[in-house]
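Listed next as structure tokens is one chain, alone, in the form predicted alone.
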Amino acid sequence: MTGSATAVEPRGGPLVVARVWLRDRPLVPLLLLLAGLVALLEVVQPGIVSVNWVASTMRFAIPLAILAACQTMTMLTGGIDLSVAVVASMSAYVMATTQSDIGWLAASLVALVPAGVVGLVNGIGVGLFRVHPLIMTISMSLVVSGAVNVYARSNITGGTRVPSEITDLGGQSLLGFLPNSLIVFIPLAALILVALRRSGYGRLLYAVGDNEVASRLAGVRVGRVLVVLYLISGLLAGFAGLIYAGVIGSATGRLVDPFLLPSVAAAVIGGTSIFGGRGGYAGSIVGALILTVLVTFLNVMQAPEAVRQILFGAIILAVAATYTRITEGS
């Protein structure tokens, strides 16, 4: 009948409505999953969820969330940075081996220099010489790993020590339940969130990932965008290494290596597409928290290491697939 409007309920009824609602609010299912994991952990081991546990979880999640920022931004352009863990370990080790000679602050700044250099080389390789990000960053991780081994042999009598200022920042809490590292992480995360959504450079990252050819035709200097991107990624990775050294209270040339794949997983769980053009950092932060709680849960289960690795990988796959199914339109 013409002249009248009839509201037609979408096929599937409430389930379709709920799916559309969740698709428009991608953080909601992640937060629900995080709350569910925390509740399950409390059921498995009553009393474990406490103020101290929350503080400890955030302390370990913050370095992972910073590394996830590297993956989020590079993945938005359709790339990836598989050198972040090695770069983070390198920065922590350089800081710990030089602080006794030049002081903790100067040592921290010096430690970020090679991290920036590695990021710059990655950016030049990916942005200007068109090397695939996967190949470029894996190759640089091998180069950096070898360089750290050479440096460690030359410093065999120098010793390593994480300064108290770094351990206070990474491993201590304010008011007993707020990690000191939040003092630097909150402004950093806010800067990344705002830059990705509100700045011209952030919009360029999405544009390059969505359609690089169209971006070039529109006058975007894609090479320069990528050089800056991987430089930022290297510096963030170096900073994450310093924070994690403070959490652990020690530094080695392989300190942060176990965080490589979780950093990618946090970004993927958080909704960032490996094909570029879609995602955001807020989801990656929640993804880092989910993975940190998941590690605690598997430790509480006291399963053998091999079983924990299998379960960890399987759960990540299930979460990523489910989240994508819920939040993507059919």
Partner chain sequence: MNGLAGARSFVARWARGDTWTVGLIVIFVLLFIFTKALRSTYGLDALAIASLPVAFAAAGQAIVVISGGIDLSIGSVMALTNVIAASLLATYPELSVPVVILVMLIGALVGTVNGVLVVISRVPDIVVTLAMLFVWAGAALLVLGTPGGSSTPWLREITTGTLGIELVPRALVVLLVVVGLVWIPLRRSRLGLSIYAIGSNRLGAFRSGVHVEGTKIAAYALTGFFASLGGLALTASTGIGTPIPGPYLLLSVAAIVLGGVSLAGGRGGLLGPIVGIYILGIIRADLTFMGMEPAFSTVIQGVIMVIVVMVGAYLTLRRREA
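Positions refer to the first chain, counted from 1. Remember, predicted model here, so these are calculated numbers, not experimental data.
In what follows, reference is made to the form predicted together with the partner chain, a form of this protein that is not presented.
### Query
Given that the partner is absent here, does residue 107 sit within 4.5 Å of the partner chain in the model of the complex, heavy atoms only?
Judged by the heavy-atom cut-off of 4.5 Å, residue 107 is well away from the partner chain in the model of the complex.
### Query
Contact between residue 135 and the partner chain in the model of the complex at 4.5 Å, heavy atoms?
Because a heavy atom of residue 135 falls inside 4.5 Å of the partner chain in the model of the complex, the answer is yes.
#### Entry: Contact flag, residue 114 vs the partner chain in the model of the complex, heavy atom cut 4.5 Å
Close contact is absent here: in the model of the complex, residue 114 is far from the partner chain, nothing within 4.5 Å, heavy atoms only.
### Query
Is there a non-hydrogen atom of residue 130 within 4.5 angstroms of a non-hydrogen atom of the partner chain in the model of the complex?
Flag for residue 130 set to yes.
### Message
Please pick out the stretch from 138-146, 236-244, 87-95, 160-168 that is in contact with the partner chain in the model of the complex, where contact means heavy atoms within 4.5 Å.
### Response
One stretch meets the cut-off, namely 138-146.
### Query
the partner chain in the model of the complex: within 4.5 Å of a heavy atom of each of 57, 184 and 191?
Not a single listed residue reaches the partner chain in the model of the complex, so no.
### Query
the partner chain isn't shown here, but in the model of the complex which of 261, 39, 48, 28 has a heavy atom within 4.5 Å of it?
By the 4.5 Å criterion, the partner-contacting residue is 261.
### Task
Determine the residues of 290-313 with a heavy atom within 4.5 Å of the partner chain in the model of the complex and present them in sequence order; the list may be empty.
Read in sequence order, the residues that approach the partner chain (within 4.5 Å, in the model of the complex) are 305, 306, 307, 309, 310, 312, 313.
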